[in-house]
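Have a look below at one chain only, the form predicted on its own, in structure tokens format.
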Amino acid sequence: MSAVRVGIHDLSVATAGHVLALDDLAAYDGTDPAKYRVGLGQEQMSVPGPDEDIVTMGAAAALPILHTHGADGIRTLFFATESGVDQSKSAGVFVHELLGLPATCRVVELKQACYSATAALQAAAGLVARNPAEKVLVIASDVARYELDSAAEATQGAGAVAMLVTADPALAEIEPVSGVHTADVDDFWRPNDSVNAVVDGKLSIVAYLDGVIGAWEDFRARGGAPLGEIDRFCHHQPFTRMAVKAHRRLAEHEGVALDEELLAVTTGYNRRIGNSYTASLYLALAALIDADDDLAGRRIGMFSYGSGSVTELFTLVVQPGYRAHTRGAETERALAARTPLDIARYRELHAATHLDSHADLQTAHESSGPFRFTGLTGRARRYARTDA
């Protein structure tokens, strides 16, 4: 019996409804705009409104997939995030209700910083390999938040990616070999009593680069393809210049030259959305497949990093006819539809993020998306579909 081909059948992107230009942030804080545009490789960051969060973005990312393929066969929903809205209930359970998925569906939230979407994708691949009739919906959704006026402020963002994992995928097949690396590092975390993350930026870069090499060596030791047989690379992008740093580190380790120009297309969405934690690597993949017309049969190396830290390297092979299944036009419309923020409104939204669950709340209806967070009742979060 031949092995089941498993991979990403469909992929869809969503983001928040507001956007801040980093040139405006630079003017406000007295920074040379080149520090953000060139040093970080960032131009904009998406900012959620009061009725937007990881649930609304995740459901919005998944909705086009449901419109195209329906819910038949979806037996599992994995929701990957590091900015969860509840310490117990999976954000995916809210999404399950908003999307009208069948009751015969397991729903689980996964957490390990920015890495957990890759854990979800690999778990999904295993479920489909066991039963090729099943489909798994994987959602990665996050809001990256740091203290105002901190060094990390310009690397905030918000975004979501949804992927339908099936047998005989139309977009990309997941190859079976992967390399992994874990190390206990205090480079980034968010304490339970904080709505903002804590980050040691310099240590995080070192830990990321160490993880890339550790995962690469494990990948090769297990029979993964050599560098010369990998045609493109997507890297986790907490800021897009990090992809270049990772690529250079791999090239130095192997003693070869790697074409950094090929990375530019993978940064197209992350430059405009900002850091989206678990979704970041898959936004890079979306940008690549949406923009490149010549990927059929190409092998893509995927570097996934999550602070703390866990790294995984695996490969995808893009399928013939993939261009018919991309959603670049939809993503561009969503990016163009964001409402520009001035600095005052941005800082106001940032300050209003923390909610006291002891008080019932109705949020203002600002989102133009298909779903919204309507508020708190009896300490429980409430959501509604707005496009019904």
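What you see is a predicted model, and the numbers here were worked out from it, not measured in a lab. In this text, residue numbers run from 1 along the sequence as written.
Not pictured, yet referred to below: the form predicted together with a small molecule.
Contact with the small molecule in the predicted complex, defined as a heavy atom within 4.5 Å, is made by all three of Asp32, Val199 and Lys245.
Among heavy atoms of Ala152, some come within 4.5 Å of the small molecule in the predicted complex.
Put simply, Phe314 is far from the small molecule in the predicted complex: not one heavy atom of it is within 4.5 Å.
Taking non-hydrogen atoms only, Ser307 approaches the small molecule to within 4.5 angstroms in the predicted complex. Proximity of Trp189 to the small molecule in the predicted complex falls outside the 4.5 Å heavy atom cutoff. Between 285-293, 250-258, 199-207, 90-98, the stretch whose residues reach within 4.5 angstroms of the small molecule in the predicted complex through a non-hydrogen atom is 199-207. Checking Leu40, Leu349, Leu66, Ala334 against the small molecule in the predicted complex, a heavy atom within 4.5 Å turns up for just one residue: Leu40.
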